[in-house]
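Before any questions on how it binds or moves, here is one chain, the form predicted alone, in structure tokens.
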């Protein structure tokens, strides 16, 4: 994995939003796109230190590491501690495919009582507690781009998007946060 500290963050020290919804760049993280069959899930879960979720719209989180279910054989792993996810994956003998996407993706956090409304201003998902509870994760769209959305708390979300789209996503989320505060 390339050293995240050597690369200029695409959003710098950006901040946006309103009193009800704050929009900030997430801290640097390592990310892994993981594909595997059902027979490898147990071995991979043990190696990564968390149970890979096996149901739609679910995630698992342990100590700054998150595994988001994206499809029947696909996960996005995010590690905020700087762990070498590719190194861990390379040590697993079960058949799988792992690709480091740390430099492709950027995380944006949206938090506060109006965070859901800020995201919903440009995202078609139902973000109410019953439909998208804490721990829910989904690949969806924000405006005209694909994102992965993780609800990390009652008033907290993490938006993952491609690096090249991050200024667009940040702007949409900031505008949505301002509108939610009116």
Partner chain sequence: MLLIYCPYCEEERSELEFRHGGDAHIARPTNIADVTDEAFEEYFFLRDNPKGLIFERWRHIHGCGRFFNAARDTVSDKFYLTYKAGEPKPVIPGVSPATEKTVETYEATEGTAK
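Note that the structure is predicted; figures quoted are calculated from it, not measured. Residue numbers count along the first chain shown, from 1.
We do not show the form predicted together with the partner chain, though everything after this point is about it.
Although the partner is absent here, residue 70 is a contact residue: one of its heavy atoms lies within 4.5 angstroms of the partner chain in the predicted bound form. Mapping the unseen interface onto this chain, residue 45 falls outside it, with no heavy atom inside 4.5 Å of the partner chain in the predicted bound form. Interface membership of residue 153, defined by any non-hydrogen atom within 4.5 Å of the partner chain in the predicted bound form, is ruled out. Not displayed here, the partner chain is approached by residue 125 to within 4.5 Å at the level of heavy atoms in the predicted bound form. Figure note: of the listed segments 22 to 30, 141 to 149, 58 to 66, 45 to 53, the one touching the partner chain in the predicted bound form, with heavy atoms no more than 4.5 Å away, is 141 to 149. Contacts of stretch 162 to 176 with the partner chain in the predicted bound form, defined by any heavy atom lying within 4.5 Å, are made by none of its residues.
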